[in-house]
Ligand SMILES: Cc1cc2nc3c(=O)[nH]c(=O)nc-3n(C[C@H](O)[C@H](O)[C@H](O)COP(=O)(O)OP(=O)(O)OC[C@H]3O[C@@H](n4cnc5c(N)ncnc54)[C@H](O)[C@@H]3O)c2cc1C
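First, one chain by itself in structure tokens, the form predicted alone.
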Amino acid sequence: MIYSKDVTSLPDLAHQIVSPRFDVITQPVDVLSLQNLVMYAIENGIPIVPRGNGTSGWGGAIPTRGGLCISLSGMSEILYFNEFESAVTVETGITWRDLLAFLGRLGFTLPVYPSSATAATVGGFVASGGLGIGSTRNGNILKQVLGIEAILPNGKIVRLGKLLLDPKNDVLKERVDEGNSWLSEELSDAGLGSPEQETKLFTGTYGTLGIITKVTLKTIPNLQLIPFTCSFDSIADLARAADRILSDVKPYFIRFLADNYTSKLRAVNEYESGKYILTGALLDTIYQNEDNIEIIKTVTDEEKGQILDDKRAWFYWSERLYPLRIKRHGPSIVPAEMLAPMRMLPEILEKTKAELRNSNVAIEGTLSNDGTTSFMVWILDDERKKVSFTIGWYRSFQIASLAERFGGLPYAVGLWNGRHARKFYGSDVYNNLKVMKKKLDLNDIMNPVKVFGGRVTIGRESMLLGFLLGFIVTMIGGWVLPGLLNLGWLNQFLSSSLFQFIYFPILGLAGLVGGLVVVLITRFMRLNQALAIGIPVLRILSKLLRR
């Protein structure tokens, strides 16, 4: 049960289209045992889902067709570090917290790491992508990856980019040379570059093209870190201040908290509760930090804000790793997040509040160095209230759609945002990834349905509902349409002596056929088709429930 979930809880309705749990949980201890697992799965046609620690909320590590969950937390060694190359190589089951602690003892840190660093694994964040602590200066995590080792869906071991290892202890070199030789031919046939150029096959694709086993990441010197925090009465003032600080200071990290977030924090005072908070950190030399702190104070004052004292600044810095404390107001959460232009932040916040005015939400975000911001909406709910929680899941899809209206994107693809995948990756990149998926994973066993979609697992309740719907619609249609369309001759024909041998009412027979047709349709339905039907239904029910 634990390994079949991620950070969110799914409504029961979701398990009508995806499996509620894995069949087997495995935890390989090295690359060769993992390769054996993959080969076994290939031979027996068993779906595989690689998993870190499940700290994401986009369905990338949950089961869709049962099968094997491959937990990589047993592979957590630090394999190589060289300060002159500014790089570290690790097994992907290590947590970011443990890696940061190791680098900190040597006077280094990471350019980017996730806010869930206390539990998230390196492989999980690299496989899903996204912004994190440090993205304000250094961009998303994918820009920090130098090299990758992975096991393909056909069992071959490959290395992409520049993976740094001690050659004396590289026991996989022969297998990797064989795998890379094969992959080079496949990439060439697809019109792509060499393995050294195509790390994007595994970064941000949720383990659909292979299981990441090792990663080489950039490192940076751990200079003087000074946190800062400002409060504002309006999001417009905060946005203007953030824009100026980004331009003049280039801080290591900036995060914003909306008023509906700060009003839910326990450890706040009158200068923060219900205010808009801009918090972050500088990571530079002592002299640079002194100058930049003065700039931040001046900008905050000119934009009608207030600088909070050092004690509060350190409080918010320590809280950067615990965004899920907000869950106490749930007790369940439904996450919804977008990537949007920072200049649109006030409009997006206003529209989101209007759209979710009947919901209990908390909003925060991380500013990136490319003029975008993540816009995270924690929708606080209670999964024990089955009906309202199920209908409330519509709000997550609502935020993903809202992103497009403001020129943005969903924050992540995973499982639930697969219908936005082409726009998220870009048409050319998505087409290349899809071509490689077909080449590498002929039987679609590697994290199936994620990113690229696929047939869903329809539950009995859905099939029964589909049958009843098809039966009723066909019956009503057969009774009403002939009169509306002036097809009286059809009724006469169906009641003629030609059909006297059928003892079952012909309209009832048509209803049975209609019901069976709908059942067949649901059996072959793909995820995006299921969502295309389900989301509007949830929207209608949501509006009715609010009334």
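Everything quoted here is computed from the prediction, not taken from an experiment. Start at 1 and count along the sequence shown; that's the residue number.
One more form of this protein should be noted, the form predicted together with the ligand, which is absent from this view; the next part is about it.
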Exercise. Have a look at 98-106, 111-119, 426-434, 456-464 and name the one stretch with heavy atoms inside 4.5 Å of the ligand in the model of the complex.
Key: 111-119
Quiz item: Does the ligand get within 4.5 angstroms of any non-hydrogen atom of Gly129 in the model of the complex?
Solution: yes
Practice problem: Tell me, yes or no, whether Gly60 is in contact with the ligand in the model of the complex, where a contact means a heavy atom of each within 4.5 Å. | Solution: yes
Practice problem: Verify the contact flag for Thr55: yes if a non-hydrogen atom of it lies within 4.5 Å of a non-hydrogen atom of the ligand in the model of the complex, no if not. | Solution: yes
Quiz item: Taking the shortest heavy atom distance, is Thr229 within 4.5 Å of the ligand in the model of the complex?
Solution: no
Quiz item: Which of these residues, Gly392, Gly134, Gly210, Pro410, gets a heavy atom within 4.5 Å of the ligand in the model of the complex?
Solution: Gly210
Self-check item: One residue of Gly155, Gly330, Pro323, Gly477 in contact with the ligand, assessed in the model of the complex (non-hydrogen atom, 4.5 angstroms)
Solution: Pro323
Practice problem: Residue by residue through 442-477, tell me which have a non-hydrogen atom within 4.5 angstroms of the ligand in the model of the complex. | Solution: Asn447
